[in-house]
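Let us start with two forms of the same protein chain, each given on its own as structure tokens and named structure 1 and structure 2.
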Structure 1
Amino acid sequence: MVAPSLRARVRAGMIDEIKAVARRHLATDGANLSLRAVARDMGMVSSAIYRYFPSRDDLLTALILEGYEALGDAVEAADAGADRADLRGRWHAVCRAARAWALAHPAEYALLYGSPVPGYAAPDDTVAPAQRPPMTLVGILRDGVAGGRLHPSGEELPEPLRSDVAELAALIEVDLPPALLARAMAGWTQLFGLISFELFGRINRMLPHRDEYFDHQTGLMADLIGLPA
């Protein structure tokens, strides 16, 4: 590890500051991030930004990547902080952590999970960090099966689907019965839907106790999966 040159360090600091300012703008003004406004906030001219990011989309990509990492960190930390044997407690901890992060960073969550920008195509770098939250949920089930605390039912998926899910399980290197993995995916889908409805929609505008609603709905999915109480 050779010491980076002064210029390299200054440059890295600039990149970090640009991302920080951009994230601040994202939080206040929403998804339509203006490069010129970011530059203005930094006392620079808009063209100077292009020394650090070749385009606005690349800046957004950097923010998306960091967002996935931040969400993944929060989710995995919540899982690690729970009693390993308490599958249901871990499930709820992970779900709550994802929701808490989304509520704390709504604009970034919208960037990650909202409707994609038309011209924009997420690069492949984003796919691995994006899988961390659902993989954490799957990890709970894997631990449960391995530890004998979660007993998969003998349910078998109908055939065109069973091999699809089995291949998916092999791809992500998870040794779970396809039927159980499908239920885990339903739980992940539900979690995403719950958070998105709370952030974007006004569906549960009339539900004052949102924490309790969230816990109950994620608990329903824990039931569906078969996590023991």
Structure 2
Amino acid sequence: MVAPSLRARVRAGMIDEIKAVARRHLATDGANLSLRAVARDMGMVSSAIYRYFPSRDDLLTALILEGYEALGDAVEAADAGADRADLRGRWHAVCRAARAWALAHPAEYALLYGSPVPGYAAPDDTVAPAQRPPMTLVGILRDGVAGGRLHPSGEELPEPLRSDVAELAALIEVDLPPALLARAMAGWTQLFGLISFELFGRINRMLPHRDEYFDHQTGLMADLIGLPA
């Protein structure tokens, strides 16, 4: 393997530094990034930063991709470290890992799951990284169904919901009963609602023991999905 050239290494280092400064701006200014402000903090003329990121949207996309990949790494590692036969334990491990990552990286989490950035449309290459966390849950369900430890209820979804869920299953290539997939989607969306309410301070005054509350709520989600105790 040929080592990267000096120029390539310098460029990669500059890109990493730009993203580091941009992440600091996320923490103070939210997603209202300004390439000029980032360049100013780096001691660069504003035109120089465009050699690395042609637009604000390109920089946002780079940060979004890194965020999804980091969150995906965290939840997949948590799942891999849990007992494979303990479906509920794996679910709790994944939920706790997602929450821990969000609390440790609030600005990045807000970029991924907060209010949409005005004028920004995420490109298609963000889709696969964004699917890593929910697909981790799908993997738990697949293992449960295949191993006979998770028994779909036989519930029939009403139309047009059943068709929508079936189309989604085909799109992400998941062979699960539509009702089970719908329950998993409910659990996953409730998980991120729970994290968002805590991260954005919606429940903090009411519930000081948030670790215990989180585990209780994710247990209720596991019941909804049908994960065995």
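Here the structure is a predicted model, which means the values were calculated and not measured. Sequence positions of structure 1, starting at 1, serve as the residue numbers. Just so we're on the same page, rigid core means the largest C-alpha set that superposes within 1.5 Å between forms.
K.L.:
Just one question: which structure is the form predicted on its own?
P.N.:
Number 2 is right.
K.L.:
Indicate whether Ala62 shows a C-alpha shift of 2 Å or more between structures 1 and 2, with the rigid core used for the fit.
P.N.:
No.
K.L.:
Once the core is superposed between structures 1 and 2, does Ser46 show a C-alpha displacement of at least 2 Å?
P.N.:
For Ser46, whose C-alpha is compared between structures 1 and 2 after core superposition, the shift is 2 Å or more.
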